[in-house]
Every structure is written in C-alpha cells, then in structure tokens.
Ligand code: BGC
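Here you get one chain, nothing else, as structure tokens; it is the form predicted alone.
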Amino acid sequence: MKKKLLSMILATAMVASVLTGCGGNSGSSGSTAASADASDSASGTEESADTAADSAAETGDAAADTAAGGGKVGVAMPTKDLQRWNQDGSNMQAELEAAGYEVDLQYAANDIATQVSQIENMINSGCQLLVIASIDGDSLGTVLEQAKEKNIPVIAYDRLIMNSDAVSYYATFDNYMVGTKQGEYIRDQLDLDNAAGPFNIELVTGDPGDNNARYFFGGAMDVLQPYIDAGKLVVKSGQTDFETVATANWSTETAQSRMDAIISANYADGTKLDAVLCSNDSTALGVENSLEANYTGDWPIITGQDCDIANVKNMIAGKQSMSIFKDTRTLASKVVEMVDAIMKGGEAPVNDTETYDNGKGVVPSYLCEPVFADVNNYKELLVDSGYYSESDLQ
C-alpha cells in the first residue's frame, strides 16, 4: 500500500512540474491539457498513476526539446512570381534552420485554395507554429480555426490576416510609413510647397484583398491629398478612390493595361505627366512598360517598393525615381526572434499594440522601419550591405 501511495504521489508531482514549466506557452497548451488529464487519472488506480508518470516524462522531454530550439515551423508564402517573396521565404528558412527548427516552406502560386490546403497540411503534419503571408487576408478564417483548436500559434507575416481570432502576432514593416515616404518623395521632388504647378499625377496601388495596400495608399494620400484639394496636383484620369486604382494581385500586366488606357485618354496629345504614385515595384514596372510604349514626354517621377532587381536597374537608368527598401533579412531575423520566444514558452517581442485591428481585435505587432532607395544611395543600401552584388544590377 505504501508503494502504491508513493507511486501516485510521484506521478502527481511530475505532472504538476510539467504544468508549471509549460505555463504561458501558447504553442504547448495541447500538451498541457494532456498532462492535466493524466493528473486526473493518477487519482484513480496504480496503473493510471504509472501511465500519468510516463506521460509526464514524455511531455517534459518534449518541452526540453522545444526549449533547446527544436520543433517544426510552417512558413506559407503567397507566390514565387514576385522576387521579394522568394527572398522572404529563403531568408526565413535559413534563419529558422540555423536556430534549430525544422521548416516546412510552401509557396501557393497566388492561389487561395492552394494556400488553404498547404496550411491545413502544415497543421496536420505536426507544425507547432505557423508563419503566414496570406494571399487574401480574409480567406483563411476556416483553416485557422483548425490551428486554434490545436493550440498552434499563428504569426501573420507582412500581410495582416483579417477576421480571425487565431492570429497571435503580426510582423511587418510600418506600412503606413511606406506610403508616407512615397508621398513625401513626390512632394519634395516636385517642390509642391513652393512651385506654382499645377502638376499632373496618376495613382496606382495594390491588391484590394491585401490589407497592406490600404495602408500604403492611405499613407501616401495623407501627404498628397491636400495638394490635390488645392489644385496643385491634378489627377487627369479622375481615378482617385482606392477601389478604382487598386491592382489585382499586384500584377505588372494589369497595371500596364490600366496605364495604357490612362495615357491614351489623357496624355496622348502631349500633355505632361509629372508623377505616378506606385505602391510597389511590380505595379511600377507595369507603368514603366506602358510609358516606354506609349508616352513621348519627359519621364515622370515614379515611386515603388521592394527594390526588385528590374526596378533598381530602371532606377539606375532614370526610369524609376525611388523604391522603398524593406530589408527582408531584418524582418526574417525579427520573426525568428518571435518564433523562438513563443516556442520556448514566452511572449514574442512587439512594438505596436494599437494599430492593427483585424476585425476580431488588435493584433500585437512588430513593425520594422522602411527606408527609401534612389539613384543617390542605392549602392550603400543594396550593394554595400550585401543585399545585392554589383553584377546583379548590371
């Protein structure tokens, strides 16, 4: 009887130790629940006490493995068609693997159903945490319910996942600041505070399903709208609302087709186009292709984002004025910090707890600061830092 009682006490003590060690780890709450069940059965028979002790030992081993840097992380990227997502995915995979994690990296070819299926497979194949750059921020609610049921934390990567309470954290660059820097660049280059004007401008932003596009556009328009209202900036096409100037899938071809129509209707008679606000490099490339084919005037100021190789080459050639540089190595490193903190039972580092409401609540976020590159500083930012080699830009 004494041996039986001693076995029960030891099992209960081990289970309590595991519960204490896992407290606060959102990625281990499934194991915590299993340990609690084991504790209940330990109060019954000697056999169930032995089972609880074994279960507690196994859970303790798993917790120790996670604390040592082990575990499986699913990384869902939207597409390989844009250079920046290839860089994001490869940078994150390399850093996570260097930190000791197994990585399941998937690209979804900009197909929502494919991304949903990939995430579902990650959940079912033992991923303990998910990092997701969504194709459409509103399309993942159902599959993320599965992650929530299994207590799998979710970090929304660069694009906020909307209308889901399964999102634990958000990691991105300051998207509103991206837009303000683009707007300020146009303001400063045209000297809008001093020049007489008026100047003609056209507006091109990103995918309407990407929540970031609204932040980019909003930040830029908060700078530019007062000049439009005052008549110093004129949008000759009349296309100024977000829905009209949005570009599905951030498509170069779609931006080019729309710009073809704008030039034909408004600038074919020699009217000067002074600036084009483009929210990213793929849309900027479409605008530049259209201008080369259809526009005969002086090249306008053109903004961009991501510093894609083709666009940096255009910048050097004088066909694009600037591009926001978001060093994906910086963001990948921060996400690895966040993953490591969560997997080891802590809370991820954040610096914004007010801005990003996904419809279910404000998501704690870490915002990296963007900078802009132009012909004057691209070598320092892109080449000297090792992001590109000189030969990449030839």
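The model shown is predicted, which means the values in this text are computed figures rather than measured ones. So that there is no doubt, residue numbering starts at 1 and follows the sequence shown.
Same protein, other form: the form predicted in complex with the named molecule, not shown, and the subject of what follows.
Student: Among 191-199, 140-148, 117-125, 79-87, mark the stretch whose residues have heavy atoms within 4.5 Å of the named molecule in the predicted complex.
Tutor: Contact criterion met by 79-87 only.
Student: Counting non-hydrogen atoms within 4.5 angstroms of the named molecule in the predicted complex, say which of 311, 321, 164, 212 makes the cut.
Tutor: Selected residue: 212.
Student: Please identify the residue among 159, 187, 181, 232 with any heavy atom within 4.5 Å of the named molecule in the predicted complex.
Tutor: The residue in contact is 159.
Student: Should residue 288 be classed as touching the named molecule in the predicted complex when contacts are defined as heavy atoms within 4.5 Å?
Tutor: Judged by the heavy-atom cut-off of 4.5 Å, residue 288 is well away from the named molecule in the predicted complex.
Student: Does the named molecule get within 4.5 angstroms of any non-hydrogen atom of residue 250 in the predicted complex?
Tutor: Contact with the named molecule, yes.
Student: Please run the contact check for residue 326 against the named molecule in the predicted complex: heavy atoms, 4.5 angstroms, yes or no?
Tutor: Yes, residue 326 sits close enough to the named molecule in the predicted complex that at least one of its heavy atoms falls within 4.5 Å.
Student: Consider residue 305 of the chain shown here, and say whether it contacts the named molecule in the predicted complex, taking contact as heavy atoms within 4.5 Å.
Tutor: Heavy-atom contact with the named molecule at 4.5 Å: present for residue 305.
Student: Out of 261-290, which residues reach within 4.5 Å of the named molecule in the predicted complex, heavy atoms considered?
Tutor: If the 4.5 Å heavy-atom criterion is applied to the named molecule in the predicted complex, 261-290 yields only 280.
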